[in-house]
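Next up: a single chain in structure tokens, the form predicted alone.
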């Protein structure tokens, strides 16, 4: 006899946060709370999760409170300062100078961490992720107003610093340790995520 939970019960337990979220969204969309909306939301959430299941997230994530605070603090500062810079570049007489597309070699391998990184970079005014090569772990990022090659390198270092903050906020101990490894050492390290 095995101690593994049954398939449906196990799936529902792991899908519970998604189910709760879908029910909440359903009720917010209706704009009023009622038992009918609550029950309708439960039915819709169950139908959506059964008919359109999401692929499992390998390994999940851990939230590290100090890393999360650091990530959020830098993110909020980036939002304000970048927003002000883009606003100034837009209204100043000379307009927006040259922009650039930079390719950044990343160190993390996790789909979830790459998604958080790409979203956090795109949400900051003045930068946008335009391509992600999952197999090579590279991001192509469009950035506004670069004066010279030094600006390009500063932008590249900024992306790598954001990657480190994301990994230290949400990554596993192995992913945090991989930040200090060389590219060859990372390729040989065990525990690679999905291809």
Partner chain sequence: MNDISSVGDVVAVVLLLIGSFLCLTAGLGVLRFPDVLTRMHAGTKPQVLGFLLIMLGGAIRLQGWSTTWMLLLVAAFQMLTAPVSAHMISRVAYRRRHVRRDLLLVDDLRSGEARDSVYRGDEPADAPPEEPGRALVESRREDEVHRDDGAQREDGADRERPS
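We call the rigid core whatever largest set of C-alpha positions still superposes within 1.5 Å between the two forms. Numbering follows the first chain given and starts at 1. Predicted, not measured: the structure shown is a model, and the values here were computed from it.
The following text describes the form predicted together with the partner chain, which does not appear among the structures shown.
128 is the sole member of 128, 161, 38, 46 with a non-hydrogen atom lying within 4.5 angstroms of the partner chain in the predicted bound form. In the predicted bound form, the partner chain lies within 4.5 Å of some heavy atom of residue 83. Taking the partner from elsewhere, residue 154 is found to have every heavy atom lying beyond 4.5 Å of the partner chain in the predicted bound form. Proximity of residue 177 to the partner chain in the predicted bound form: non-hydrogen atoms within 4.5 Å are absent; the residue sits far from the partner. When contacts are judged by a 4.5 Å heavy atom cut-off, residue 140 counts as touching the partner chain in the predicted bound form. Heavy atoms within 4.5 Å of the partner chain in the predicted bound form belong, among the stretches 62 to 70, 145 to 153, 46 to 54, 163 to 171, to residues of 145 to 153. Residues 100, 101, 102, 103, 119, 122, 123, 125, 126 are the members of 100 to 126 with a non-hydrogen atom no more than 4.5 angstroms from the partner chain in the predicted bound form. Core-superposed comparison between the shown form and the other one: CA of residue 27 displaced by 2 Å or more. In this overlay on the rigid core, residue 162 has a C-alpha that sits less than 2 Å away from its partner position between the shown form and the other one.
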